[in-house]
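Single chain ahead, by itself, as structure tokens, in the form predicted alone.
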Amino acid sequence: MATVKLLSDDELSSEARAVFDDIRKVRQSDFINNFWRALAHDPKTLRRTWESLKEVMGPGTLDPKVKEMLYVAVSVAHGCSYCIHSHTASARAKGMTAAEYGELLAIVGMAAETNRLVTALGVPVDQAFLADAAD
């Protein structure tokens, strides 16, 4: 259950309405999800978050499907059910297969397990892993 009212289009400030208009334009869809409707209470945060998301998830070196899959992985690690669902849907819309999703979850689970083991054992980082990246 939301901790704030999810604002309908009729309840938006002019600032929030402008952001919603941009979301619709960029995504080429009339759908505005609940995350944005909750953030609409604070138009400044709404705009900042939307602008950052457009930049980070927009065109870049990584394939859009890979970006969504990374978002799913981080969302699983952070336990954000909403983000897991929304970005899994987005990754599927960008072509993620059931096999890729299964492998993604296996990697997330394996990383979580080995991260806990290494932390519990206090394993020092190998010197070879500390070399500066050439790129």
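Small disclaimer: the values here were computed from a predicted structure and weren't measured. One-based numbering along the sequence shown.
Heads up, the form predicted in complex with another copy of the chain isn't pictured, but that's what we're talking about next.
Although the partner is absent here, residue 93 is not a contact residue: none of its heavy atoms lies within 4.5 angstroms of another copy of the chain in the predicted complex. Not displayed here, another copy of the chain is kept clear of residue 28 by more than 4.5 Å at the level of heavy atoms in the predicted complex. Residue contact check for residue 113: one or more of its heavy atoms lie within 4.5 Å of another copy of the chain in the predicted complex. The shortest heavy atom separation between residue 126 and another copy of the chain in the predicted complex is within 4.5 Å. Within 4.5 angstroms of another copy of the chain in the predicted complex, the stretch 84 to 112 places a non-hydrogen atom from each of 84, 85, 86, 88, 89, 92, 99, 100, 101, 102, 103, 104, 105, 106, 107, 108, 109, 110, 111, 112, taken in sequence order.
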